[in-house]
Ligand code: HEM
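Taking the form predicted on its own, here's one chain by itself in structure tokens.
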């Protein structure tokens, strides 16, 4: 297939604003070959949705990234497993992230948000990226995992640096590999300390305790701690942070008002959260690898083809959504693919939605009005799209 080379997911252009590139992909090259990365790209909603559902043809078992980042988290990451083992390992943590259990975290998230905001508004300016939209989801997932408070600052700094992926890079730096090793050693120690609690004793009521119980029950191996725990950390550090950051940035720039975000109950509405996920979702894409020859758009892909499933492009597809390039807060956004589709539908979806609802609602309730004080900066990541910093100035004379 011969065509003009214009899209590379690791390029500065894709980092800055991928959406014009996605439009061209959908319209001109719905199956596009990115030669620098050796990957194919699917960009239309119907194709991406079908590909995500067909795990037997589009497998996750050979990694969902590109370049040297393939299988960086390591053995045990459920996003890089196929059934039946995927289903078994997912069950280890499934109950902890079900809607019913997640509701129990609401008071913890609200108290944490109130504490963070109380500190922020002591000064006339703040960075709502690093000091709020990053901190709240990270503190939440670390406490769900069972990381002691004394270790949270180290784990946060190490995790954020490990996940940094500047434009143009397709493999982890030596520093990222070192931090990964340190975090894995730490998490293995945490899980091992919770194993075999003894007759009459319960496993620790945290995610590390769940993993310990799963290993003792033969559902997973010690070597799989790394992938499962790193995936949870990454999800807590990047995806919810990006969702909340996009909402905070929209408030700071006046793109939306608090009244537009809030429902009748005074909380950020579910439809508003859905629309932010659709409009500028945290995860731009994940890859799959073909297990059999498959024909798409007149092109036959051989076995072993790596295919990027572009969630973010699919969510702007006019074939599926009216006015896709507009942020429409009362849109029915239930069809968006921000959390994936099929067997790999995001396990942490209920938690992400709760954190966004409670976190942004609490910010609107407690913080004075704020405006952007300086240009924000985006995460150095070719997979996750969100804001690393959001510098704001508070208007102490008015409150929402």
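Bear in mind the structure is a predicted one, so any value in this text is a computation, not a measurement. Residue numbers count along the first chain shown, from 1.
Missing here is the form predicted together with the ligand; even so, the following discussion is about that form.
Shown alone here, residue 129 lies farther than 4.5 Å from the ligand in the model of the complex, counting heavy atoms only.
Although the partner is absent here, residue 112 is not a contact residue: none of its heavy atoms lies within 4.5 angstroms of the ligand in the model of the complex. Among residues of the shown chain, residue 311 is one whose heavy atoms approach the ligand to within 4.5 Å in the model of the complex. Among heavy atoms of residue 245, none comes within 4.5 Å of the ligand in the model of the complex. The three marked residues, 86, 352 and 355, each reach the ligand in the model of the complex, with a heavy atom inside 4.5 Å.
The stretch that touches the ligand in the model of the complex, counting heavy atoms within 4.5 Å, is 76-84, out of 250-258, 153-161, 317-325, 76-84. Here is the short version: of 232, 225, 147, 272, the single residue with a heavy atom within 4.5 Å of the ligand in the model of the complex is 232. Proximity to the ligand in the model of the complex, defined as a heavy atom within 4.5 Å, holds among 34, 373, 367, 347 only for 347. In the model of the complex, the ligand lies within 4.5 angstroms of at least one heavy atom of each of the following residues of 270-307: 277, 282, 283, 286, 288, in sequence order.
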